[in-house]
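Just one chain is shown here, as structure tokens, and it is the form predicted alone.
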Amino acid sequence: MDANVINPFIHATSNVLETMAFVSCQAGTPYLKRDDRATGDVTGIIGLTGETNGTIAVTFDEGSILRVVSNMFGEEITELSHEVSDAVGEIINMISGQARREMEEHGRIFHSSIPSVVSGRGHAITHYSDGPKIAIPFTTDGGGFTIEVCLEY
């Protein structure tokens, strides 16, 4: 997969978390993901159409999303809840929007669907395309999370 497609998602993820939750994150080395098992506890997923079809997902482990949401809400959140799931949906929506704007600057036009959120240890992430699933792990002071980009090419 083209780095010009992956990099906007890395940039958008870092920017959204730093701006909205004051959380610094470090991207790890992208890798080809071969299964549907989530690497964390709560996942936001959003479909993309346009130049090609696909999905992006962000999966947070419990520690990282509780830190992010606590910072966003300005109060300590100690357990996964409906409010946390709503926040994950908003986070993936913001990441998608910023990444799509960056890609549009390079002539690549994408549109997104309404995000969905799935939670629970060991849940599955279903990408509705046959493209490769590129996973980018991130670390934060509160824990880790992974972005998955799956586009048909």
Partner chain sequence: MSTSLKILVVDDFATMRRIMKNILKQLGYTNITEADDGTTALEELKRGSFDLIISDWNMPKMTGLDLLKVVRSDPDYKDIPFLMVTAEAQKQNVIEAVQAGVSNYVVKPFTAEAIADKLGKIIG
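Residue numbers count along the first chain shown, from 1. Just so we're clear, the structure is a prediction, and the values are computed from it rather than from any experiment.
What comes next is about the form predicted together with the partner chain, which is not displayed.
The chain is drawn here without the partner chain; in the model of the complex, the stretch among 32-40, 111-119, 54-62, 124-132 whose residues come within 4.5 Å of it by any heavy atom is 111-119. Site residues Arg67, Leu80 and Ile147 are none of them in contact with the partner chain in the model of the complex, judged by any heavy atom within 4.5 Å.
Using a 4.5 angstroms threshold between heavy atoms, Gly89 counts as touching the partner chain in the model of the complex.
In the model of the complex, no heavy atom of Ala27 sits within 4.5 Å of the partner chain.
Interface membership of Gly97, defined by any non-hydrogen atom within 4.5 Å of the partner chain in the model of the complex, is confirmed. A residue is said to contact a partner when one of its heavy atoms sits within 4.5 Å of a partner heavy atom; Thr19 meets this definition for the partner chain in the model of the complex.
Using a 4.5 Å cut-off on any heavy atom, the residues of 60-75 that reach the partner chain in the model of the complex are, in sequence order, Met72, Phe73, Glu75.
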